[in-house]
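What follows is one chain in structure tokens, specifically the form predicted on its own.
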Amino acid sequence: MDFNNKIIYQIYPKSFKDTNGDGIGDLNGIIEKLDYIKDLGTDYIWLSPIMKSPQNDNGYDISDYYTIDPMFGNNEDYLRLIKEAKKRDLKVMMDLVLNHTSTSHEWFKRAVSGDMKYQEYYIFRDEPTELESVFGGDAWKYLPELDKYYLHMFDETQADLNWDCEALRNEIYEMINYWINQGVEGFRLDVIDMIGKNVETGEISRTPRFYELLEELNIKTFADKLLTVGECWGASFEQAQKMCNPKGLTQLFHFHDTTITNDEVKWDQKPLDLDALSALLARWNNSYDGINAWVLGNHDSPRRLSLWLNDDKYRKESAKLLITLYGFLRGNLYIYQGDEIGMTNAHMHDIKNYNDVETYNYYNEMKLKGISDKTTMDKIAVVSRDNARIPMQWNDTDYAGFSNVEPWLKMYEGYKDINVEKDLEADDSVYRYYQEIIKFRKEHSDIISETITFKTNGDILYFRKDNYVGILNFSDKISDIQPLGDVVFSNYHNVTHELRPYECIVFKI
């Protein structure tokens, strides 16, 4: 199967489109917008988890792998989505969380009740180790019912599964094959590189055992016949080569570029280093043997144009600059809902407007340390995951056409100016520009597969791929330039001898 040069559109179902008036997005809302998604040039749609869940971590705490959560619809709605997508030559990618389940899952309930079989499904210890949760605090929770501790690398309601238990693995393989038989044609695998963890040594990600488990998972389920992408934060170049192959994953998210402005931790940001960014992009584009997974945005990250560029006066220019840069890279493009119209961060400075468990954990941690609310909220407004989870902005009516009632998460107040309807009507539409870039990628796959070279000059990034040269201004400064040939792409209406704020131009020389 050829999985290269694909466009994957990520949907956060809770925030995409509400059709039943409960303030929460649903499967029927996604079906309603399939033509919009397809017209962009999309090949796959990836839905963040829609399985039954208490929603302590917005669906990444699954309590039933076989049942669609009623907030989104039912299993019949999901099968109808798959059918309607196929009519439009769209494939559906399912988001699976295999590292942990909700503590509301029947397996965990049986374990707590004393069933020895299901206690083997999780990681219990008589005494805790010093492991810390990704969300902050201790990674062990004491259960008085068993006089034992269970491991939760994320929220305490997300109990880690014991992948050394063969019975558990067989249940998981059976579940995955069930969904494949229902028509699912791809999988996004949440923190998959943690399934081979060794709690005794403290090794959590990408252990030798993980690679063994990954190969077995591949053989027993999707093999090399479906597009699979693993969430593997910080995976090295060498680790990516090792896990992405016909016996492993199709590709992975390493997120090195996504996190390039993190100053040790995500809550502390530093300016974008164009030299570091260009070196990173060049290495993965030119030297990586696998299929790159380039992420323009996702549900776990703030909007990139807000973080790197200018989401106010030069919002559209910034959005177009990003798709121009990433559109010329080899591999697959993952576009997150709203990126294609230049949606921005929510800019919320009141903790009451947030929902994300990670954000609340950080807020409470800073409060205990005596950090002022203003200092904490200034950071949260920049990088909280809820920046990407606010409802999709369809038009300028009440609640942005997302719903006819108040949504589950506060709307961005600027939705009257930034919405799908307004963008599609504009001469300088971001959506139309995305379409052009995607069309170019598909019609010039030979060019896209070429090596790329970069150079920088202050805030200006230059790239060359074959006989195409790009000039991208990452600032509001104006510089003199010399046109280099025919203009292929430009995020301004015309090209002059000046490089204007956040302007990008691609020449064919």
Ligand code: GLC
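The first residue of the sequence shown is number 1, and the count goes up from there. The structure displayed is predicted, hence computed values, not measured ones.
This protein has a second form, the form predicted in complex with alpha-D-glucopyranose, left out of what is shown; the following refers to that one.
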At 4.5 Å between heavy atoms, is residue 44 in contact with alpha-D-glucopyranose in the model of the complex? no
Counting only non-hydrogen atoms and a 4.5 angstroms cut-off, does residue 154 reach alpha-D-glucopyranose in the model of the complex? yes
Interface membership of residue 233, alpha-D-glucopyranose in the model of the complex, 4.5 Å heavy atom rule: yes
Just checking whether residue 474 would be counted as a contact of alpha-D-glucopyranose in the model of the complex - the rule being heavy atoms within 4.5 angstroms. no
Of the listed stretches (107 to 115, 297 to 305, 375 to 383, 316 to 324), which one has a non-hydrogen atom within 4.5 Å of alpha-D-glucopyranose in the model of the complex? 297 to 305
If the cut-off is 4.5 angstroms on heavy atoms, which of these, 267, 284, 124, 135, is the one near alpha-D-glucopyranose in the model of the complex? 135
Just one of 438, 277, 191, 366 has a heavy atom within 4.5 angstroms of alpha-D-glucopyranose in the model of the complex, so which one? 191
Joint contact, 14, 394 and 416 to alpha-D-glucopyranose in the model of the complex, by non-hydrogen atom at 4.5 Å: no
Contact set, 72 to 95 vs alpha-D-glucopyranose in the model of the complex - heavy atom within 4.5 angstroms: none
